[in-house]
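Here's a solo chain for you in C-alpha cells, the form predicted alone.
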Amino acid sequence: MYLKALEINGFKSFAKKGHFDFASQISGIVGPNGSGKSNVAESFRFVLGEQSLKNMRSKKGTDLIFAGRGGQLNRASVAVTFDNSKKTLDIDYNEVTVERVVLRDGSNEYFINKNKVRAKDVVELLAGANIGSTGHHIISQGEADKILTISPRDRKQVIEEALGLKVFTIKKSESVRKLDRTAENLKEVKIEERSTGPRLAYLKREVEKIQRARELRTELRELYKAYFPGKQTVVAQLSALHQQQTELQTQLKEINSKISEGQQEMLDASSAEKKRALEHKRSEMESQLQKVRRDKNESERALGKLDAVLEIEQSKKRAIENAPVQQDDRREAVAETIHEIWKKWAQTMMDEETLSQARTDRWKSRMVPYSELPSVSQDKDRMYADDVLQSLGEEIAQRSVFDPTAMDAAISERANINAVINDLTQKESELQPQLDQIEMELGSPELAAQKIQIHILELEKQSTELRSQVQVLSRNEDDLQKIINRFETEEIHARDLFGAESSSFAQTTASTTVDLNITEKIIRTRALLENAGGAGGEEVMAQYEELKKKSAYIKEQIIDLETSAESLQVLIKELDEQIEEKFRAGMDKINNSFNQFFKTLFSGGHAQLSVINVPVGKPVDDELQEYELGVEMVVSLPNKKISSLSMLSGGERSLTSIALLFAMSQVAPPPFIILDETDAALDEANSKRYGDMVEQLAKHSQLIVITHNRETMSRAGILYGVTMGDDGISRLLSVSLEEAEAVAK
C-alpha cells in the first residue's frame, strides 16, 4: 500500500479541510451527482503537478480556490502522503508528503515534507515511481474515451507513460531542452566570437606594431648611446682644424707679405737710388768685415802667444822633470802648437760655416800633422813662433823656473780669447754672404732680379700649397660641421622620442673614432619607428590582453558547448534507444493483456496495437520526409463488422478503452490508480466483468474508485461518501465495509 492519505483544504468545493485515509487496497468514493466527488480526482491531478487548468475544469488559477456562499478563501492546498518504507520514491524518508498551494494571485507553491521546492522537483520525484498528474493512473470517464480518439503520436506517449518510460522521456525532454539551449548559447557565443574576431585581429596587428616600435626604440636607444659620444671627438677635430687653419692663414699672410716685398725689390733692383744704397751698404759691410778680421787676427796672435807661453811652461815643467830644453827645440814646439791650434779652428769653421770651395780646398790641404807640412808652411809657422818668443822677451823665454800660477792664468785667458774668436768668426760668416749678395746685385742687376723672381716663384709655390691645404681643411671643416649639425638634429629627435632620458645618451665614454655608417642606421631606424605607429601602447596592450583572454574564454565556451552538445546528442540517442527498446518490449505485453481484457469484456473478438510511422510536418519528398513513431489501434467485435473505431457505440467505446487502460496498468503497474466513473456506461453484466478486472488490478496497484456502480462499490474495502449542502461545501462521510462485514459475521 503506497498511498496513505489525501488532505484537501479550500480546493474547489472543499472549503473546509477534508481528510482521506486510504487504509484499504480498494477505496471507493461515492455520492450524488454535483456533490464534488470528482473534485477529489482533480485534487490528485493538482497535487501531482498538473499544469493544464483545462484538465482540472478551470480557466484560471483562482478558479481552484473555494468561492461559495460562505465567502471566498485566499488559498487552496492539497497534500498527499505516501508510504515510502520500500523507497519507491527516491528520497530518504519513510513517509513523504507532497503539498501544492495555489494563492489568490494565481501563484503556486510546492512542498515536500514541508520543504519548499520547485514544480520540477515534484514531477521528477514522482516520475521516478511511475506517478504523474495525467495518463494511465488517473482515469476519468472522458479520459477513457480519449485514448480512442487521440492521435497515434499522443497514444504512444500515453502508453510510454504507462510503461514507466516517463522518467526517460523527462530526461530526454530535459536533454532536448538543454541541447536547444546549448545550440542557442553556441550560436550566441559564435556570434560573439565573430564580433570579437576582427577587433582581436586589429588589436593583434596594433600590438605587433607596438612591439615592433618598442624593439625599434630599444635599437634606436642603443644606436644613440653609441652615436652621441662621438660628438666630442668631432668637436675636438673641428677645433684642431680651426687651429691648423689659423696657423696656415698666418703662414700664408707672411708668405704673401714676402711676395709683395720681393715684387717691390724687383721694381727697385735697377734704380740709381737702389744702387747708391747698395754701394753705401757694401762700404759699411766691408768696413765691418775688415774690422772683424783684424780683431780676429789679433785674437789669433794673442792666442798663439798664450799657447807659446803654455808650451814654454810645459817645457819648463818637462825640463824640471827631465832635462833643459834648447832654444831650437822650443821654437819647434811653439810652431807645432800653433799649427795644431789652427787645425782645430779651421775644422770648426768648416763645420759651422758655409765657405767658398777654394778656401775649403786650401784649408783641407793643410789639415795634416805638422811634420807632414811642406817646408814653406813649416817655415811660416816657425816665423810665428819666433814672433811669439820675441814678444815674450828673453827674460820670460829663458826663465827656467816653472810658474803654475802663470800657467793657470794663461789657460783662463786662452778660453776667453777662444770665445772672442768664435764670435768674430760667426760675424764674419754672417757678413760675408750679405756682402757677396750686394756684390752680385751691384755687378749684375738682371741676375739679382732673376734671383728675386725665383725666390718669389718659390714663395708663390708655397702660397699655392698653403691655399690648397686651407681649402682641404675648409672642406674637412664643412664635413665636420655637417656631422655636428646632424648630431644636433638627432639630439632634437632624441629629446622628442625619449624626453629627459636622452640627456644620458652622451654620458658614456667618448669614442676615438666616429662611425659615419651609424648615422644611416639611426635615420633608417627612426623612419621605421615613425612608420611603425603604435600610439597609446599601454592602453592598446591592455585592451588586447583583455580581449585575448575573452577570446580564449569564448573558445573554451565553444569547446565546452560543443562537447556538451555532443554529450547531449549521445544521451538523447541512448535515451531514444532505451525508450524504443522498452517501448517495443512493453507493447508486446500490452497487446497480449489488451486482447485478453477485450475478449473478457466482449466475450470474444480481437484487439491489437501496432507501431506505425507518422509523418512529421507537412508531406514533402519521400527522401526528405521525417517520421516519428505512433500507435494505431485495431479491434474486431464478435458478431459485428467494423472498419474503424468511430463505428463503436458508446458502451463499446467505454469497454474498449477500459480494456486498454487496464492492460497498460497491469503490464507496468503504477503504485496507485484513480478511476473516476469509468464504469458509468456499463450494464449489469459488464459491471460484473468490470468489478472482476478491478479486483485483478488491485493485486498490483492501490485503487481509488469514484463510482455510482453498486458492483464496483462492493469491491471496495472503504467507502467515502461526499455530500453537499445548500452552502456549496463538500463534506465527507466514511464507512469501512471490511469492518462492517466483520461485525456482521
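Residue positions are given as counts along the sequence shown, with the first one as 1. The shown structure was predicted, so the numbers you read here are calculated from the model rather than taken from an experiment.
Although not depicted, the form predicted together with ligand ATP is the subject of the following passage.
Trainee: Is residue 9 a contact residue for ligand ATP in the predicted complex, using a 4.5 Å heavy atom cut-off?
Mentor: No, residue 9 stays farther than 4.5 Å from ligand ATP in the predicted complex.
Trainee: Hey, in the predicted complex, is residue 693 touching ligand ATP, heavy atoms inside 4.5 Å?
Mentor: No, residue 693 stays farther than 4.5 Å from ligand ATP in the predicted complex.
Trainee: Look up in the predicted complex whether residue 55 has a non-hydrogen atom within 4.5 angstroms of ligand ATP, and give yes or no.
Mentor: No, residue 55 is distant from the partner.
Trainee: Would residue 51 show up as a contact with ligand ATP in the predicted complex if we use heavy atoms at 4.5 Å?
Mentor: Judged by the heavy-atom cut-off of 4.5 Å, residue 51 is well away from ligand ATP in the predicted complex.
Trainee: In terms of non-hydrogen atoms within 4.5 angstroms, which of the given stretches 680-688, 695-703, 59-67, 710-718 touches ligand ATP in the predicted complex?
Mentor: Comparing against ligand ATP in the predicted complex, the contact stretch is 59-67.
Trainee: Can you tell me which bits of 115-131 touch ligand ATP in the predicted complex, meaning any heavy atom within 4.5 Å?
Mentor: Nothing in this stretch is in contact.
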